[in-house]
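Only one chain comes next, encoded as structure tokens, the form predicted alone.
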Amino acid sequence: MVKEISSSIKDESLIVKRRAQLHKGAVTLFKQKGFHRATTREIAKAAGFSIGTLYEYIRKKEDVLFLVCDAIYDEVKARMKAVIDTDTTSESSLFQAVESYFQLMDELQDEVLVLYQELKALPKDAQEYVLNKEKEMLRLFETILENSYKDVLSQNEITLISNNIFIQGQMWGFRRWVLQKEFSLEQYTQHQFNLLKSQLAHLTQIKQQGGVK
């Protein structure tokens, strides 16, 4: 577990507010220059801080990237949980999960791009912390698939399909210069979900026929 980033400020609400400003400013800067080329003075300026104020909320440059990574996954997880009922067992619940996740990836394209470009700059324990958050998000999809298809899918298949959904959402941003010329977000979501339905229908048919999965 990563240790909490220390701050000389005692007001927790102010820490949350200032670190949110820091996160937003840093994402824009890192996208333009990359983490290693950006200086702490530039990070402070992007966030609207003086360099002295910056060091009231972090202790070293790497703390900024950790906050960015942490904030992205916290927001994604919180917003997905707000719209997904993981106890519902239906195709519509799976579509809602996929649709809401793809929408989030569309809204957070820059943050996700920065996250995967710069994650390697974090210390190993911080990388593990962020990747554990990714596993928590994957677990949301796994739960929905288990609720609806536990008699059809093996655990390995559930894991693979959940990872496929996860990567498809990120691909919308990573391959945007190609995909977004060919599809709207709604079209992309529907096409990907139709492919998923076909895969699940095929696996269901094999199961019903007594085939080996």
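Residue numbers here begin at 1 and follow the sequence given. Treat the numbers as computed from the prediction; the structure is a model and nothing was measured.
Only in words, not in the display: the form predicted together with the DNA, which the text now covers.
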Open item on the list: Just to confirm, with a 4.5 Å cut-off on non-hydrogen atoms, which of W172, F30, F66, Y57 contacts the DNA in the predicted bound form?
Closed with: Y57
Task: S184, heavy atom within 4.5 angstroms of the DNA in the predicted bound form - done: no
Open item on the list: At 4.5 Å between heavy atoms, is S8 in contact with the DNA in the predicted bound form?
Closed with: yes
TODO: Determine whether any heavy atom of I51 comes within 4.5 Å of a heavy atom of the DNA in the predicted bound form, and answer yes or no.
DONE: yes
- [ ] Would you please decide whether T39 lies within 4.5 angstroms of the DNA in the predicted bound form, comparing each non-hydrogen atom pair?
- [x] yes
Open item on the list: Can you tell me which of 141-149, 174-182, 41-49, 157-165 lies within 4.5 Å of the DNA in the predicted bound form, counting heavy atoms only?
Closed with: 41-49
